[in-house]
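Quick setup: one chain, the form predicted on its own, written in structure tokens, and binding and motion questions come after.
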């Protein structure tokens, strides 16, 4: 049998073991380099590469696959018809889960689903009036199912997948159902309706430039800003968090949340993060628009 290695030597010969056992020390080792770098080999203010594919899933109103670094999110938009009096405050409901996961919902995933629902409601992504069915007291409610392909709970990737799917969503026209069709809704005296298999209408969003979610971390000892955090090492090593939902250009901030922890987050930190977030939003707008143009010959 090989001789057992001293602890320090074992760590130096196995970066993966080092990162698992001492994630904060491992992270600080990288940031202490000149210039500082992260274990992912990104600079502190460098964002993950992003790819967006739309209309990838069958049997949906709209869909997308978004990848940022090692995190992948798949979103499918579907819908159902209900009585308008039973509609809640939002015409869009979200659910986030992990592909292949079994068992009861995990608290982190439930929190992410709730955050996305509330953010979608607050940002007023679209006018729900366009979902009402003419000449009836019924409306369409949208359901967004977001599946993450890894255990890294990255809210910005899930939000990007939702936006990309909504940008290509087409609502099937609601038409009277005949006896040979599967009924979608039946409300007594109200007309029985179903979704058309051929006629659709584009969902019109309220934004010329979409409100993207961008996350940042602030180191508690140096005040260094880290853009677009990813992975367990960064998650456990950085306590100060800033999450911004904003569009590119001169538009206002739709959502700003700060969790300082032991970090001291200054106004300059916030200004810096807002500037980075707007540049990232412009980049994501361009990526999505290019993808939709390739598919349809025109942007969203």
Partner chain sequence: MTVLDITRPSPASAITSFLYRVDGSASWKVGTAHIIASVSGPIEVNKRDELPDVATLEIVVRPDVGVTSTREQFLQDRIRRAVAPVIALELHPRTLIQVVVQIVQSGDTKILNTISLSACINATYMALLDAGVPLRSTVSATSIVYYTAATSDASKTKVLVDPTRAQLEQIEKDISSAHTIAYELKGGKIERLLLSDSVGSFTEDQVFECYDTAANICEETNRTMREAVTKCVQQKSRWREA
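Numbering follows the first chain given and starts at 1. Computed from a prediction, not measured in an experiment: that's the story for all the values here.
Not pictured, yet referred to below: the form predicted in complex with its partner chain.
Of the listed positions (56, 37, 236, 253), a single one reaches within 4.5 angstroms of its partner chain by any non-hydrogen atom in the predicted complex, namely 253. For the residues 121, 87, 98, 175, the 4.5 Å heavy atom test against its partner chain in the predicted complex is passed only by 121.
Here the chain stands alone, but in the predicted complex its contact with its partner chain, taken as any heavy atom within 4.5 Å, falls in 267-275 among 65-73, 44-52, 29-37, 267-275. Contact check for residue 110: a heavy atom falls within 4.5 Å of its partner chain in the predicted complex. In the predicted complex, its partner chain lies within 4.5 Å of some heavy atom of residue 115.
When contacts are judged by a 4.5 Å heavy atom cut-off, residue 60 does not count as touching its partner chain in the predicted complex. When contacts are judged by a 4.5 Å heavy atom cut-off, residue 247 does not count as touching its partner chain in the predicted complex. In the predicted complex, 252, 253, 254, 255, 256, 257, 258, 259, 260, 261, 262, 263 are the residues of 240-263 with at least one heavy atom within 4.5 Å of its partner chain, listed from first to last.
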